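Next up is one chain by itself, shown in structure tokens, the form predicted alone.
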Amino acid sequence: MIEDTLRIHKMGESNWLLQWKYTPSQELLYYLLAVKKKLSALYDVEIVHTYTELLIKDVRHTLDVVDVEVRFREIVNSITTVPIKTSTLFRIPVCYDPEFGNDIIEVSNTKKCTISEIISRHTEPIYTIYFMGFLPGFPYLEGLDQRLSIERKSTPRQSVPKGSVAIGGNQTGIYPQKSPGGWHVIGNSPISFFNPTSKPPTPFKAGDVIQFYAIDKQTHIAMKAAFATGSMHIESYQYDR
């Protein structure tokens, strides 16, 4: 049972870490989201989650440490079933031309496959968003074809362009803004994935899913202009698992 693997740690004066000794999986993801939802309904606090953890920040409580831990376990144990998840599927356009995918030729040589094969293997899966992190709006995606698994760069780039789609290790991701990065860039999306003035600032949330599709350079230019003016929006659909 997932709940039997829970470990609780007090972090500083008012933060608590709930940690599950459990292999990351979609089952655990939806369980963590259910726990997070229940905790959020009971405590007006910020809760951050990763693959196997929930960090509960600034918990103000009159109970002593032992009683707080007991209370958290009661809340966790009250979640006996996790409903089948209905989420949002986002279709994300990507131009895989080497002009945008600075590393796609290198990946092709390393993996001993053609660029067309890389595109096919990258666009076929439906990726699950496990959590957001590293950068605001950066989705950690699971589901990469293992034939595209590749070690991260030994020396990270100082500047990865906004919208870059990259692979590193067993994962793929989208850089929502210009930043340093050590993953291999294989393409670029014309969509802006993070706007701090929007509510919410990113369209993605944990539990949603993404599928990429290939576009050419001319379409990338046209789409970028259309997204910038608001005349085009991200394709999204209800996705039932």
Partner chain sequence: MIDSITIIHPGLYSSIQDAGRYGYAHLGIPESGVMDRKAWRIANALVNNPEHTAVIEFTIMGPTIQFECERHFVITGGDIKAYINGIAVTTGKVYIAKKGDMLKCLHFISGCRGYLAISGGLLTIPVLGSQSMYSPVTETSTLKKGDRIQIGASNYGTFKGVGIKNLKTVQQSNKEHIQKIEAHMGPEFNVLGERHINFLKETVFSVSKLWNRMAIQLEQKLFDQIPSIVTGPVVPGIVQLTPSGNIILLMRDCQTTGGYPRILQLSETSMDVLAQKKQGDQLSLLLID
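Not measured: the values here are computed from a predicted model. Positions refer to the first chain, counted from 1.
Heads up, the form predicted together with the partner chain isn't pictured, but that's what we're talking about next.
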The partner chain in the predicted bound form: within 4.5 Å of a heavy atom of each of Y96, G101 and F212?
-> no
Decide whether Y175 counts as a contact residue for the partner chain in the predicted bound form under a heavy atom distance cut-off of 4.5 Å.
-> no
K38 within 4.5 Å of the partner chain in the predicted bound form, heavy atoms | no
Give a yes or no for D216: in the predicted bound form, does one of its heavy atoms lie within 4.5 Å of a heavy atom belonging to the partner chain?
-> no
4.5 angstroms heavy atom contact with the partner chain in the predicted bound form for Y31 | no
Any idea which of 104-112, 86-94, 135-143, 153-161 reaches within 4.5 Å of the partner chain in the predicted bound form, heavy atoms considered?
-> 135-143
For the stretch 162-199, return the residues whose heavy atoms include at least one within 4.5 Å of the partner chain in the predicted bound form, in the order they occur.
-> Q177, F194, P196
